[in-house]
Every structure is written in C-alpha cells, then in structure tokens.
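Read the single chain below, which is given as structure tokens and is the form predicted alone.
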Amino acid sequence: MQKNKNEVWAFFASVKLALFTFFILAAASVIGTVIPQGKEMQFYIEVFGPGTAKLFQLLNVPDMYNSWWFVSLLVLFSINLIVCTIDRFPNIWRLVTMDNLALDIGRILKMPRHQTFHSDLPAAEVALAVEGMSTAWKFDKADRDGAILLAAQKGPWTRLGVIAVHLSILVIFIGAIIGSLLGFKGSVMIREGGSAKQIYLYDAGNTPVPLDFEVRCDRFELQRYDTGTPKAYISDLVVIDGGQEILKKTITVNDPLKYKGLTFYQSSYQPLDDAYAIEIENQTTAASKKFYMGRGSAVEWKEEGLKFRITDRMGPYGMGVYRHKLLFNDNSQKPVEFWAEEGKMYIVERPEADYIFSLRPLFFTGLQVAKDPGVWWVYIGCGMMLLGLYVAFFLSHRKVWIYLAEEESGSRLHLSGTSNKNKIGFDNDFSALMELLERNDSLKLKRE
C-alpha cells in the first residue's frame, strides 16, 4: 500500500507532468485566442463547416476556458504544483537554514574553488583579525577538532525563488477562479445623448444585468485617417448615481471608465441612419445648445427663436462624409439655406446675431463592461512571479569557509567556497575576498 502511495505521490510531483500540462494549456490557450469565443453555433458552421463545428460543440470550444477538460487541466496543473512544492520544500529549507559551521571538514577542503595560505601568526590571532576586517562577508566562528572554522554566506533565501514562482501561479489561478465565479463580461450600446441602466452578458441569451447607477453618453466622436478608415473612438461618459452626476470621463480604447468595481471599455460604435447631432452657439451671448434630429425633421431653439431642418443630402465624399443642405430661420428675415459638411464649423450671419453651427452624424457608442474581483489576485501573482523568476535566475546562494589549523611555524589558512549557480559571478566574489585577505598586512599571509 505504501508503494502505491509513493507512486501516486511521485506522479503528481513529476516535472514531466508539469511540462506536459503546461504545454497543453499553452496550446489550448492559443487555440482559444485564434478561434472566436462565445459565438452562436451557426457562426462556427458557416466559418469552419458542419463537421468541425460539431467537434467544437463536443469539446465546448466556443466556451473553451470554462470547458470541463480545460478546467480539469488547470486542476491537474495546480495539484502538480502543490505536490511538487511540498515534495521539494523540506530539502530547500534545509539548505536555507543549515549550519554551515557543522559541515564536514573533508568536504570543505576538497571544494573545487579553494586557496591555501600560510601565516606566521597563531590561528586564534588570524581568526580574530579576519573577524575584524571590513568585508561584505559576515563570518561565524566555531572550534573544530583543535582548529578554527569561520563560515559566511550570502543570499540563502534565494533558494526560495522557485517556491515563489510556484505559489505565484497558484495565486493567479485563485484570482482567475474568483473572477470566473464572481465576475462577468458584457456589453452595452448607448446612443449619444442617451443613457443605460443595464448591460448584457456575453452568453447565449444575452442576459441583462441591471446596474444600480446610470451611464450617460454626452458625446461620441469618430476620428478617421485620411483614407477614411476609423482612427479612434472617443466617448464622453457621465455616471449618475442617486440622481446626481458622480463622475465624468472621456474614454478611449485604452483609457476606460471605472466605477463600483465595473470597468467600461471603449470597444466599438454603430451609426444611426439619418440621425445627426447639431451644435449651435450664439457668438454674442455665448449661449449654446446641442440638438439631435433626423433628416427632414425640424428643430426649434425657443430661447433664441431659431428653427432649422435638414432638407437634402449629397455624398458620400472622400472620407465617407456627407454634405447636408439646411434651412435656417430666426424669424427676423427670409430663411437662409446653406450646405454644411459633416464635422466642420460654419458661421451663420443674421441681423440679430451670428451663430456658430456644426453638424455631425449620430452614433451609438459600444462599451465592453467587465467586473473582475479577482484581478488584484492576478496582479499580486504576476508580481510574485516576476520577483521569483528574478531571484531564481539572477541571484545565487554563495558560501565561503576559512579553516585555520595550527602549525609549528604559525598557522595554515584554507579558503573555500561554493555557489549553487552563477559560477562566474561567484568566482569574482571569491577572488575579491582572497585579494582582500592577502592585502591585509596584519594577517601576514603567503599564498601556497
């Protein structure tokens, strides 16, 4: 029974199992990135064909990251990391906390990196001088078989770097599980000038999720390149909570709005057919107002006594923009008609005042909405991983010993050292310590 138990333990502690599950997860993640997720089955039939779509359905590829086999691989990888960490931690901890003064003298004298010196002074005086030296190494001392042993080390804790990497992956998984269970992703389309009190999840039923606040879009701007292709989407959003405007923010694709644990990303847009936003300002009084209207409908600004409507349209032209014919009337004289290009400003001169006038097409702004309470766990895990990888690959556990034995004409000093990695860096440290000992006149050392 014990043998079977050991075999099971060895299986889950295997590095081969870790590599296998890691590469399978990596390959699956690539597939999940290439194949669109969360689409209707008809989409996969049209794009990949009925046979492949049926296989996708069997393996739950449209929702791969929540599929039974992907979650099972994550669980297997987590168990492997936990068992592997438990299996290796005692030996790592023993190396971190071991008493270097208790190491066998024979092993110390036979280390590959060593140097022997002779001193005219007794061993006790040499040991006292070494302890009083200003050096980066802090030595401990012990009497060993009539001789004196000094030991020092740097970075014993660096051996824990691999443990930090293991734990970081588990912390990231915990964050992902919290986000999966308690978070969601959805979207909402808000017309400029309109607002929304609910969003719709990315699931088969587009499940609505009510918000306890309101998001209003005061303005949406679509910027284009000279070729006419979209360059940037910009939305002016306002958060209304309890009837009060709590937060205003202009968002772009990489600069979202965050409120009450929800993040609103600028993700898309959708034009409204024959719908326009018109902004007009009285240059004399600086009074201004925005109107939303359709082609053929009339709009009235009662405070200014203005009426205007779109009577005709021409285009599209180079960048996909149109020109619109407007009828403008302020009841002071004969109405005026003029052509206005989308996105440009015009001055309409009237007897009572001059008006700055602009017209642009009206859009829905497409917002992706995400709630992920596990994101900070993921950030912490990523930070732990970076720190652990840095410690594991760039720092090392370095140890040196000085063995002092009495001789008839003084004492013999045997300097030894070792490092678990970065042998070149340790050789430099060892050589620096050796030169420091030689330059100390009070030690009276001669290299043998």
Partner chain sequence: MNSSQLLGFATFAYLAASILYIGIFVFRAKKLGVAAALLLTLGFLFNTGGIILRWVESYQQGIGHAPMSNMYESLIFFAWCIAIFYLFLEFKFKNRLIGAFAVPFAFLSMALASLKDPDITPLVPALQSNWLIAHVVTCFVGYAAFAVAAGMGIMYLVRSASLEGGKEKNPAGLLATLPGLKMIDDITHKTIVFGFLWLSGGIITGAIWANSAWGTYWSWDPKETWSLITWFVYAGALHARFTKGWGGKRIAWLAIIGFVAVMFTYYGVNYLLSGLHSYGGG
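Residue numbers count along the first chain shown, from 1. Remember, it's a predicted structure, so these values are computed and weren't measured experimentally.
Missing here is the form predicted in complex with the partner chain; even so, the following discussion is about that form.
For the residues 55, 41, 47, 26, the 4.5 Å heavy atom test against the partner chain in the predicted bound form is passed only by 26. With the partner omitted from this view, the residue of 385, 395, 59, 405 that lies near the partner chain in the predicted bound form is 385 [heavy atom within 4.5 Å].
Proximity to the partner chain in the predicted bound form, taken as heavy atoms within 4.5 Å, picks out 374-382 from the listed stretches 298-306, 146-154, 356-364, 374-382. Although the partner is absent here, residue 140 is not a contact residue: none of its heavy atoms lies within 4.5 angstroms of the partner chain in the predicted bound form.
Interface residue remark: residue 265 is counted as part of the site for the partner chain in the predicted bound form, having a heavy atom within 4.5 Å. The closest heavy atom approach of residue 370 to the partner chain in the predicted bound form falls within 4.5 Å.
The closest non-hydrogen atom of residue 255 lies within 4.5 Å of the partner chain in the predicted bound form. Scanning 427-441 for heavy atoms within 4.5 Å of the partner chain in the predicted bound form gives no residues at all.
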